[in-house]
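Given as structure tokens, the chain that follows is alone and in the form predicted on its own.
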């Protein structure tokens, strides 16, 4: 199993060099060592959530170019149809469809999964990309804090509901899109919905991404030998509508250094398609290379915390079914 290189591990643990690697210059530096892509996704079906803009749209376009059947998941019908036409025009592949769902609502996650299982006889790749980063704490119509619901509970529930089909269609893959902000957050099992203390949107986002990394590792262990591999990735700092809207100060300051959406999404498509990416599971990637998952002591969570996280998400999911 491929492990993080000594250079990557050192840079990740040194804050400034590690952050420099998140920029477009970090992407350009690492890309120098890549070989030309010669893989195909012909005959493969890929589900991409949050696919109507930014990283999701770029990843969908790249996967369609490789010949995959791509199912875009988004909330807005007009925006979704524009994205579908964009992917078709940008790839020359017309096998692109759209499914509408608000992934902050577990009832809609369940409806989406049911529709996908009905319409897609084969599912080979699930990309969990949809996420929000609200400035203030708010709750969904189902009474859940928005960041927790969209960024953590939703990918957990959708993955669990689609796992039987992914197993049946193995070899298959799950790609979870995370964030470098995860490095600064521990596992907050006792306050998943950020009900205590002053709400911080960036911290809530980082907490959710840390928990999704833990899920990535848990699923990888549970699915060993099944033909389903599960990996996570960090896109670096990319120039996307989500970053511009959610982090305007950061966006104005860092814009000259930001990656393009295509550069940020490159590792999503690589993890979904490259034969070599199927050789590892439970890893955290940046620019096609595995990186450490923690840089601060205690942020990985104890075995008890990790078990409690899974139990809590199962309980939330069970409640959403009633």
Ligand SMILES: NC(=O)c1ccc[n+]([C@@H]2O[C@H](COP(=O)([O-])OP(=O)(O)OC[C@H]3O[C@@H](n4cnc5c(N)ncnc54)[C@H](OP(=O)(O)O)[C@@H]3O)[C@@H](O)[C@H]2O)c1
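Note that this is a predicted model, so its numbers are computed, not measured. Numbering follows the first chain given and starts at 1.
Keep in mind the form predicted together with this ligand is missing from the figure; the text below concerns it.
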Which listed residue (71, 178, 204, 215) meets the criterion of a heavy atom within 4.5 Å of this ligand in the predicted bound form? 178
Consider the chain as shown here, without its partner, and state which of 188, 102, 86, 120 has a heavy atom within 4.5 Å of this ligand in the predicted bound form. 102
Is every one of 113, 124 and 155 within 4.5 Å of this ligand in the predicted bound form, counting heavy atoms? no
When the contact criterion is heavy atoms within 4.5 Å, does residue 45 count as touching this ligand in the predicted bound form? no
So in the predicted bound form, does residue 223 come within 4.5 Å of this ligand, heavy atom to heavy atom? no
4.5 Å heavy atom contact, residue 26 to this ligand in the predicted bound form: no
Going by a heavy atom distance of 4.5 Å, is residue 55 a contact of this ligand in the predicted bound form? yes
Look at the stretches 215-223, 237-245, 190-198, 164-172 and give the one with heavy atoms within 4.5 Å of this ligand in the predicted bound form. 237-245
For the stretch 113-145, return the residues whose heavy atoms include at least one within 4.5 Å of this ligand in the predicted bound form, in the order they occur. 129, 130, 131, 132
